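Coming up, as structure tokens: structure 1 and structure 2, two forms of one and the same protein chain.
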Structure 1
Amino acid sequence: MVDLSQNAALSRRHTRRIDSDTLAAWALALPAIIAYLLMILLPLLAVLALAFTDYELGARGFAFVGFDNFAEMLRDRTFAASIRNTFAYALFVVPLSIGIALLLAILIEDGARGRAFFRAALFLPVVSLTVAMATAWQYLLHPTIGPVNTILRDLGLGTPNWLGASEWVLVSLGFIGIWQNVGFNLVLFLAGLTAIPRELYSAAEIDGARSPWARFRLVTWPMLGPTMLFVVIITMTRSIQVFDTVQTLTQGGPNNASEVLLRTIYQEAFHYFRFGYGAAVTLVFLACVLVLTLIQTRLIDRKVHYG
């Protein structure tokens, strides 16, 4: 009987300790849960509800319109232009910014000097103010007094209106986007390269991989798989979310040649105050991001080596 009573007392103390630990865990997680509900889940539910209404900011009431907002998108030339421009921008920026960042990361990692300087210099665009960068690029790409066209003019080449011509504006914004993303991707690739064991390169060299390309193909590329997956997803998401440079430099012009999805959402919701239609465009934007992320994860994850 003594043993049974002692076991029961120990069991009760153990249960109380588990309960107190659980309570402490919930208390620590509660601020994050509240922040998630207020800042992510509830706004997302509000967007989902508004997308099926004709609500306009300041209106006394609104009506449920079903899929009318989505049907309007099919007839909206501005929305069609924003979809087309957003994906064209992403297809231009993503592969180039990833490829350039990977090449620079390998060169910096193999270099004996100046690693810290090059890391800081190439990461500078990531931490710079967008408005300040846009002002600098607006001057650099100015059609008459800009240094870029001045150099082209001295070389006897054409001087395009980089930000004012429909055929050049998206390319110009794309190069600015590459410049912005390379530094961020570079830091991620440098972290991935640092995590690769040096012994693998020695073993590969013993097995016959003596050229830099062979070592990259057999060691670096497979071991960078997890980093590459993360970089691709992050870069694609950042590219689809382009807004600040477009709004600052071109305002979607000329003739909607640089109109992008986030700017369309901004214009509809905060310029024309059509919150219902803006919410519907937001849902399409979120669906695009989700689908692209799932596709990238499925395609790349199969080839990733988790060491």
Structure 2
Amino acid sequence: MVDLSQNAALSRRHTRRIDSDTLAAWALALPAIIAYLLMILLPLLAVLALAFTDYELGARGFAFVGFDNFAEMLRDRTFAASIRNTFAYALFVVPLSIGIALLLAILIEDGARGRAFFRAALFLPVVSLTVAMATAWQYLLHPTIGPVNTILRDLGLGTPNWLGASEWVLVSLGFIGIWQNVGFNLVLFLAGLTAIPRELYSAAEIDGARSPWARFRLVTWPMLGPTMLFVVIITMTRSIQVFDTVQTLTQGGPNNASEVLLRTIYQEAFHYFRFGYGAAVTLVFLACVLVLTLIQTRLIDRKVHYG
């Protein structure tokens, strides 16, 4: 009996010890938890709820309307254009910005001359204010006084209205997107490339991989797998979130030819004050990001060779 009570006292003491650890941990995390609840979790739940209402900014009340907002999306021409444009933009920007970045990264890594300069020059767009640079592009792409068209005119080629014609506007925005993303992807690839052990290339050469291309296929490409996974996901997400350039340069025009998801959300909520509908579009946006991330993780994960 004495033993038992002693044991009980001991185990109580032990429990208190563990509790004090747990207490300390939660105390340390508390500020983050509060901010998370207020700024992420509650708004996330709210947007989920809001998407099923007809709430309008300034309205006294609102009603739950079930899936009406989503049904409306199916009929909404602007939304259709928005989602089509967003994906077209992403499909244009992602492969090109990744391909170009990889090529340039390999070229930079391949020699010592000018390495630091090229890296810095190509990285510059990443640290530049997007809105300001979009303005610079607007000048460059100006239909009459822009240098791009001046050169094309001198060469005797056509001079499209890059940002004003519906058939060119997405291409132009996409080009600016590529311009922005290449430097970012480039430094990620450079990090991936430098992490590949040099001996592997020597080994490949001894094993008979004579051409640079053969060595690329045998060593670089597979060893770059994990980096590639990250780069694809990041570029994809960044592309779907395109907003600044569109808002600055085209406002979604002409005739919705450059309307994109984030702008639709902004427009619906803050111009038409239709928060319910805006929230529903937000959910579509979120779903796109989640699904793409998931697919890519699955797809690429299977092929990635972790060194």
Partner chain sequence: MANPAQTRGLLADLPRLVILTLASLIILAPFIWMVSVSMKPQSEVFSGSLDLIPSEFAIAENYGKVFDRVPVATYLLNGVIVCFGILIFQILFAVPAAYALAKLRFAGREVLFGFVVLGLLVPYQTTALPLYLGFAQAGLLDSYTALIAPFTCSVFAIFLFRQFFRALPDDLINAARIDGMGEFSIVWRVVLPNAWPAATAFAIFSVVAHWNDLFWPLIVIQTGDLYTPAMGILAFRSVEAGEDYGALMAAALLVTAPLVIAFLFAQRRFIEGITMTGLKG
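Note that the structure is predicted; figures quoted are calculated from it, not measured. Between two forms, the rigid core is the largest collection of C-alphas that superpose within 1.5 Å. Along the sequence of structure 1, residues get numbers from 1 upward.
- Remark: the form predicted in complex with the partner chain is the source of structure 2; structure 1 originates elsewhere.
- Superposition on the rigid core between the two structures places the CA atom of residue 287 less than 2 Å from its counterpart.
- The Cα position of residue 27 differs by 2 Å or more between the two structures after fitting on the rigid core.
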